[in-house]
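Just the one chain here, laid out as structure tokens, in the form predicted on its own.
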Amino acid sequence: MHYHRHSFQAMGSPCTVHLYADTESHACAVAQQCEAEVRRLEQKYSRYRDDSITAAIHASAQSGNPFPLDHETAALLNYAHTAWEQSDGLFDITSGILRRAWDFRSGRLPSQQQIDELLPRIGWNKLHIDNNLLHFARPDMEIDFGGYVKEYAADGAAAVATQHGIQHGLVELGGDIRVIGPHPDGRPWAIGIRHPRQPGAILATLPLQQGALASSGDYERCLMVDGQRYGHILNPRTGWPVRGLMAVSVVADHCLLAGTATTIALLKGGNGIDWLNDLELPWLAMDQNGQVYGTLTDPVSSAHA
């Protein structure tokens, strides 16, 4: 079999598709199809594009008109509702508006007044979906698919590869991974989980033959002010970064589920470990003190901050 590696940049992340196929041309063509699916979803749901569904939803909200949802968008919003319920309201895709106060490249903290002005514009329970029509309680609210569309895209790209006859491969979108199948000889993919405090170091190496792995932590985007680290995972109730866990990795059948689980665990703060234990999925986490917890095997001996 021919091995093909295809790399590209999308969704603000380095992306790589690893495929095995009978011919090099087949592997190359399928890899291009995988990239096309990722780019389709980026274009459709990006908050940075004026021609995206997200922009159209916001324009509709400002006009006070309900927005008609296509099947895929309705399904993604239904998933967001389930995640909101299961996280006791912490996973809230209306909270992306907090980025207007938080600029993680500025080196400065926002004022409490800046945050307080945004909090009334947050709340999944302020949205209503009826007959695939999306209604906003306030015209100045927003939704942000960025918290889970990359994981959804990893699953989508893997599905495209499978539909084109690929049985062995892996999709990685900025650390969110969906395994299509093991190496042709049955070997699992050896996936490294990065250390949240030691650049270039590996916290654990995980063998995966199928399923997905997602990782998240305060190392992705953070702000250091007076020796205090402020991560990018923001509590929708307070508008401030959560504390408790530095990093979380979760294994699940689908990358979308794994990614949502890592985000909710981080949002749970000091209760994140208990929530992960109840989840009954394989996981690994490091708390603010550098202590490693979890059910995933092979944490490296140096895995302390």
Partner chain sequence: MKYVMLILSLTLTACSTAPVDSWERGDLARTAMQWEPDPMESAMRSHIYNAKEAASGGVGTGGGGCGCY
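Residue numbers count along the first chain shown, from 1. None of the values given here were measured: they were computed from a predicted structure.
Keep in mind that the form predicted together with its partner chain is missing from the display, and what follows is about it.
Engineer: Only one of N125, T205, Q210, Q198 has a non-hydrogen atom within 4.5 angstroms of its partner chain in the predicted bound form; which is it?
Structural biologist: It is Q210 that has a heavy atom within 4.5 Å of the partner.
Engineer: Only one of L69, V242, A252, I57 comes within 4.5 Å of its partner chain in the predicted bound form by heavy atoms, so just point that one out.
Structural biologist: Filtering the options by heavy-atom distance leaves A252.
Engineer: Just one of 57-65, 252-260, 27-35, 234-242 has residues with a heavy atom within 4.5 Å of its partner chain in the predicted bound form, so point it out.
Structural biologist: This holds for exactly one stretch, 252-260.
Engineer: So, G294 and its partner chain: in the predicted bound form, are they within 4.5 Å at any heavy atom pair?
Structural biologist: Heavy-atom contact with its partner chain at 4.5 Å: absent for G294.
Engineer: In the predicted bound form, which residues of 258-294 put a heavy atom within 4.5 Å of its partner chain?
Structural biologist: Counting only heavy atoms within 4.5 Å of its partner chain in the predicted bound form, the contacting residues of 258-294 are L281, P282.
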